[in-house]
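Next up: a single chain in structure tokens, the form predicted alone.
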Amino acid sequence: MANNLDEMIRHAAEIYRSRHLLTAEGLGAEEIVSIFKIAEYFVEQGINGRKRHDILRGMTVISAFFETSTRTKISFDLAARRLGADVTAFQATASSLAKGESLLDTLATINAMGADMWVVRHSQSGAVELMSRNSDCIFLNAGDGRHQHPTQGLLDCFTLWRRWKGEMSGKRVCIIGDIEHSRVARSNFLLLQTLGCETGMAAPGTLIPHSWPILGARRFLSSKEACEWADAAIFLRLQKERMEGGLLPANDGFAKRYGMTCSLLQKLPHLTILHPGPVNYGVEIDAESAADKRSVIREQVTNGVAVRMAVMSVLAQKQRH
């Protein structure tokens, strides 16, 4: 099995066209599926601490989260450690950035200590790409502003790919909730369409980007309408920290029109539901729906570690060769 893993990683590195993972844009279906096959290996072999690999042995991964995170940060840190890397957490508030040092000066200083790979979350769109242009290290975008969250998109699509046994073409997936402020939605639309899915969206008009028609997605006016059409629905939380006043009605009004309830889910036996977390229960989805057998929310969390292990493995292989 180890030889098979090595072969899959070598193949994926050969067809992967970038040194980094900064965006879902431009990823081809063959690249995506090659990552999925590696992630599937990791899931099937187990991602706990007893299953360790040496793929990143000797490499130092800087975990730099300029925005708070629970799932993504822990997932990336565990993925790197499962692959044998040394992981160092960078705390912006405890660094010289707080004293006025620039982001690029901080980058150069840490790189001079022997960093190999950076995992970066930043509040500014484009910040991770800026860092990648000023360093020889590998960069993985863990979410930048409203721009992209490519590994979340990959793990969401991987979860559906496994659920549907690799048959993505023609499947209907609707994204419901705060699309305007969601980097997850942007990554998912790109990846789902690349894999041949039909896509839809449902949200208040104030929470849909002005550019929504070019995303190639159908628009629905309620979660009920959207979910009757879809094979799977990805629910998004309301990102009130990125909103200005007057963008949406009160939580109960939003939940009534765009939320998922147990009573609605019972009428939709065909539907798979996802949520990237954190979940606001009773707003975008209720607790009973999240715990239903048609929910893959917990699988998404497990799959996140595996997908991030796969991406790190491919990028490390590509750099070495």
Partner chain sequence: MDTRADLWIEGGKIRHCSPQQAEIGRETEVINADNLTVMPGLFDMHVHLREPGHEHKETIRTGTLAAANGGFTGVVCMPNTEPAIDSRMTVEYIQRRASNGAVDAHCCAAITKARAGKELAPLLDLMESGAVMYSDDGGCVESAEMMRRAFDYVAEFDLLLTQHCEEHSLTRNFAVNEGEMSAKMGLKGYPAVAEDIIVARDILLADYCGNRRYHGAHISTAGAVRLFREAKNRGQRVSCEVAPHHFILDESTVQGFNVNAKMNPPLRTRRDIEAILQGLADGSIDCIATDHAPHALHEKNVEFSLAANGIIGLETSLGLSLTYLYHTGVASLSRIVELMSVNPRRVLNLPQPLIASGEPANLTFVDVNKEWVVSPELFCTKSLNTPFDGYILKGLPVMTINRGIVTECKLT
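Numbering follows the first chain given and starts at 1. Worth saying up front: this structure is predicted, and the values here are computed from it rather than measured.
The protein also exists as the form predicted in complex with its partner chain; that form is not presented, and the subsequent description refers to it.
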- How about residue 130: is it within 4.5 Å of its partner chain in the model of the complex, going by heavy atoms? yes
- Task: State yes or no: in the model of the complex, is some non-hydrogen atom of residue 215 no more than 4.5 angstroms from a non-hydrogen atom of its partner chain?
- Result: yes
- Task: Answer for residue 124 alone: is it within 4.5 Å of its partner chain in the model of the complex, judged on heavy atom distances?
- Result: yes
- Item | Heavy atom of residue 134 within 4.5 Å of its partner chain in the model of the complex | yes
- Task: Choose from 192 to 200, 143 to 151, 229 to 237, 76 to 84 the stretch whose residues reach within 4.5 Å of its partner chain in the model of the complex, heavy atoms counted.
- Result: 143 to 151
- Go through 102 to 122 residue by residue and record those having a heavy atom within 4.5 Å of its partner chain in the model of the complex; state none if no residue qualifies. 103, 104, 122
